[in-house]
Each structure stands twice: as structure tokens, then as C-alpha cells.
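In the block that follows, a single chain appears as C-alpha cells, in the form predicted on its own.
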């Protein structure tokens, strides 16, 4: 059996878990191609214009998988993974959104409802529909979920050591990673994993920053407890799961003297980002730390983004070196 995983949206966070889980049932996991302009255009043609770029990209990846002769395409419905917090409505309605946008996908859609209070999503009730699809018992599924969760937790540990999601997956596959140990500045790179780690959407922003001797910190490189503890019990947290993680990470990093500035990567038309983006911008003024928003859509030009990043990084380096020279004087 061949199960396709669209290389988009929450794939960039849960791919190690899903791959490990499915392969325990002798399922061949098929990944859609890396995002390209052609793939995006196919997604745009079947998606209503008002929806954000990540959803258009997701539809493009689903279309790509339909051409790969897969038996199923895994499109889970993410509702919530912690108490009193939910996912963006587009995630909650993703199976319907895709099913009514793309011809021929309904018969191949494999969907489950993700809810509960575990970030690894590995509650038996979430994945129980897989028993009939893969012809396995609940006991076998429970055992497989335990192994997949342990594998994903190991992946998360590498992320918290400062490796990117891609690097952490490569380390799990036995590859050696070498990081830049002498960066000139440190930036908090804020944004959802599908905006930062999709090489087409973000135009390889992490790679570009590292080439400019910048140390990058993203929310998944931080400990969950540190992010959660930044919100007092009396404060009202943001009720979108990953928006809350990003804003919590920003609040922690604002207090870190080693962090020199912030870049927020957001998709045009994102409702949750319109709120947390402004909150982070206001906090950056309070802590006197440079803050830049990069808003992307299908029309964003690479040269425009590159120029803005270079100018922002150069400004921070000049500021930091000037402050260091005054200290020496």
C-alpha cells in the first residue's frame, strides 16, 4: 500500500512521526515534490483566491500526489492538541476544503480527527480509523503509536539543541550536521513551520540568514515549558495552538540579551497572524529590539525579499558593532 503525505502545512512538524508510524505497517510513504512555482500554480487554480498561500500550496501538493499512483493521501483534521486551544479553522475543515476543491481526491483521502491534550497526537482514539484501513488490531496500533511517539520525541530533542527541522530529520537518519559556531548576530525567526521551512514560500530564509553569519532561533528550538511558563495564570493566552507557541517564544526571546532582533514570516491574509504579529511588534518596541515582518504570497519576488533581509541584518550588525566599540572605548 502506498500512502501519500503532502509536503505542506503541518507536515513540517509531524512528518517523522507519521513516517515512522506508517512504515511499521509495511506501508510505503510517498512524499509530494518540493514546492515549486508550477506546483503552486496548480494549487491556485483550484483554490478560492481569498485563502492564504499555505492552503493553496497544500492543494498543489495534493494534486502532485494524485499523479504518483498512491492508494491514499493522508489529510488529518487538526482540532486541538491542548486544553482550551484550537487550530486555525482552515485546519479543522481541511479535509472538506480539499475534497471540494480537487476532483478525484475524495476516494483517496485518508483522514483522522486529531484532538486531545498530547502534542505528539498519539492518542489511540485519534488513530483508531487506521485499523480498518491497514487491517491491524488496536493492540498493534497502540504499540506502533508508542514507538512513533518515542521517535518523534527524539526528533524534538535535536530541534531543541538548535538544529532545524530538516537537520533534525537528517540526524535521525544517521547524517552528521555541522553548525556555525561563530555567528555575528542572533535573530529570532518567528512564524509557522510551513511558512519558514517551505523553501519556496520562505525562499530558503534560514539558509540565507546563515550565509550572512546569523544564528537563527525558531520556536521549535525552544523548550515547551519555557514557552508555556511565560504566560501568567491570570493572563489570557492566545487560543490558536501554534500562534500561542510563536507568541510565547517571542516573549521569551525578547528577554534574552543574546537575541539581537526578530523576523516574522507570515502569509498574506492570515487571521491569527494579524493579531500576534502586532502584539510581537509592540513588544519589540518595549524591549527596544529591531523587528521586521516579511509578508509572503504567490506574488512575492525573491529579489525583494533578499534585499530586505540583507538590509535588516546589516542594520543590526552595524548597531551591535557600534555598541561594542563604545564599550571598548
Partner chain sequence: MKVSFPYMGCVTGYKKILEMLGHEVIMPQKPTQKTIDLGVKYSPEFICFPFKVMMGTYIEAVQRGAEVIISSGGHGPCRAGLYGEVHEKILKHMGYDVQVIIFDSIFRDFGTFYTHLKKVRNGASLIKLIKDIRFAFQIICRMDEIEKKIKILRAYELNRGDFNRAWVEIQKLYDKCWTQQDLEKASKIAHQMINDIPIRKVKDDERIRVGIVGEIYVIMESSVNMNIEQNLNNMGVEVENVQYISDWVKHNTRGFFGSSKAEQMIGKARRFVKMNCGGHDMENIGWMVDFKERGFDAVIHLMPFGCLPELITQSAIPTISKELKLPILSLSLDEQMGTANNQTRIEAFIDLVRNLKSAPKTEVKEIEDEVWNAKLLKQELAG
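What you are looking at is a predicted structure, and each value in this text was computed from that prediction instead of being measured. Positions refer to the first chain, counted from 1.
Same protein, other form: the form predicted together with its partner chain, not shown, and the subject of what follows.
- By the 4.5 Å heavy atom rule, the three marked residues 204, 249 and 265 all fail to count as contacting its partner chain in the predicted bound form.
- Heavy atoms within 4.5 Å of its partner chain in the predicted bound form are found in one stretch of 29 to 37, 43 to 51, 257 to 265, 63 to 71, which is 43 to 51.
- Shown alone here, residue 87 lies within 4.5 Å of its partner chain in the predicted bound form, counting heavy atoms only.
- At a distance threshold of 4.5 angstroms between non-hydrogen atoms, residue 96 is in contact with its partner chain in the predicted bound form.
- For the chain shown alone, residue 278 is a contact residue for its partner chain in the predicted bound form, at least one non-hydrogen atom being within 4.5 angstroms.
- For the chain shown alone, residue 77 is a contact residue for its partner chain in the predicted bound form, at least one non-hydrogen atom being within 4.5 angstroms.
- Distance criterion of 4.5 Å from any heavy atom to its partner chain in the predicted bound form singles out 238 from the list 222, 238, 130, 169.
- With contact defined as any non-hydrogen atom lying within 4.5 angstroms of its partner chain in the predicted bound form, the contacting residues in 94 to 132 are 96, 97, 100, 113, 115, given in sequence order.
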